[in-house]
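Below you will find one chain, with nothing else, as structure tokens; this is the form predicted alone, and questions on how it binds or moves follow later.
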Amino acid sequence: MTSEILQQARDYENKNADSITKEERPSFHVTPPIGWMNDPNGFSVYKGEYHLFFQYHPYSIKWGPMHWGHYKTKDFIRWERLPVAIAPDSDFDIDGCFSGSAVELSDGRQMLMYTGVYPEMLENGTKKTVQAQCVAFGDGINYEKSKLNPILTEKDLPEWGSKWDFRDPKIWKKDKDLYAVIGTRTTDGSGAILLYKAAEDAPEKWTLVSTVDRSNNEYGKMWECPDLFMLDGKWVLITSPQNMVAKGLEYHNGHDVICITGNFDYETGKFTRENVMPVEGGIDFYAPQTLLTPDGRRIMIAWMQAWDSSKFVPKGQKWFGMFTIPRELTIKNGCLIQNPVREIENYRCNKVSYKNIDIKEEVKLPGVAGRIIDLTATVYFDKKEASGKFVIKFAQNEDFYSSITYDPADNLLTLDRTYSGFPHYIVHSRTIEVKRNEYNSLKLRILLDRNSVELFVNDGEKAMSAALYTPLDADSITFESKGNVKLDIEKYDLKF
């Protein structure tokens, strides 16, 4: 039965979603129908289609009481809007339905597992929100919350766990059992990931198995949005720490995302670390979630926004928040590799290519422009002559541009939107270390989609993302080198 609060959200969405034209939002990146969006939730396969839920406040472009919005797709590119899935309409989630995940059960139901947030009165007379885990079951459109909610509470935490920070379950199925990793805060103030287990035929009865891993104040504080999966023979734990402190060029201050590779034992529930690395080097990337496709690909999607800049919404915009393009993940030489899903290639058209172009001063190549494009630039550096910086400027007109700059002397790559026209004092550039390949070249794949740029370096060895708010008539692209380089270009328009 649909509650009044849920029906109100569905009605509001239906009434207002069409007030935003296609030209006012990205072409192939997920955005909210109306209002605010943050973390991706419930990224999963159900009855042969890919479902994606998201943290959602339809009534404004600011974070508010969290609902779950809902889309589905068959190819990760074209998305169909579905009715709002759940709303904060129960005692156990009255302050918000926070992040979670989904799984298809053997009986044909889709199970949502999420964090319910509700107030608790403290002895000093103040209120504080408690976080607990809840479930709902449905048919891909309508969902009914369990009468046993919340199904995991402070009673199910280790003695050092925090009921104030206990959130973001990521659920998966193995044989006849369900597993979930959930983040919590420890007594030392930093984060940890817990593992819980339930029988599939009793999906409302969960038991604590182990502590999978914990920060010990080494990688930020609270660990949000955990995800644990096998990839190319290695176990991968991805989590989003809050309050990170910058370490060289690897990690930046604030909310970050880390990838921990190693080994995991189902019997003990223990994870053994081998390597820790950043997931992304860009400006806007947080709270990723993955799914496993029927053809065996591990696909990741994330919120393409930074919390610290999320209050700065372009004037007049009726939506805020978007997701990255879904990315295919692999492991190569111990590193996480990520590339756009191959389905994007089905939307390419109007190919323009150049080979072996000499680049010295700033040049514009005929046919290479646009704000909805898939462009690959391969830069060949002179082995005999020390090359200066190489620069690509995009989303450019007489007033504005954003840029990608590579300094071969220091192997540093910088994504910069300082001159993009967004008049707010926020982070506008990030720099990462990138080494050229064995041919002394650098391969840069750039996806532009009106309001965003995503950069994939050397076939996915590094990735960088940023939201853009530059006027759409700024669509020029130029190339410049302070040294002697040659350039190959392959550029496609993307049509949907």
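None of these values were measured; they are calculated from a predicted model. Counting begins at 1, following the sequence as shown.
The discussion below concerns the form predicted together with beta-D-fructofuranose, not included here.
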property: Residue (of Asn38, Thr470, Ser44, Ser452) lying close to beta-D-fructofuranose in the model of the complex, criterion heavy atoms within 4.5 Å; result: Asn38
property: Contact assignment for beta-D-fructofuranose in the model of the complex, among Asp284, Asp213, Asp227, Glu224, heavy atom within 4.5 Å; result: Glu224
property: In the model of the complex, Tyr143 touching beta-D-fructofuranose (heavy atom, 4.5 Å); result: no
property: Ile34 within 4.5 Å of beta-D-fructofuranose in the model of the complex, heavy atoms; result: no
property: beta-D-fructofuranose contact at Ser99 in the model of the complex, heavy atom, 4.5 Å; result: yes
property: Contact test in the model of the complex: Ala463 vs beta-D-fructofuranose, heavy atoms, 4.5 Å; result: no
property: Which of 274-282, 389-397, 347-355, 166-174 sits within 4.5 Å of beta-D-fructofuranose in the model of the complex, heavy atom basis; result: 166-174
property: Contacts with beta-D-fructofuranose in the model of the complex, stretch 46-71 (heavy atom within 4.5 Å); result: Gln55, Trp63, Met66
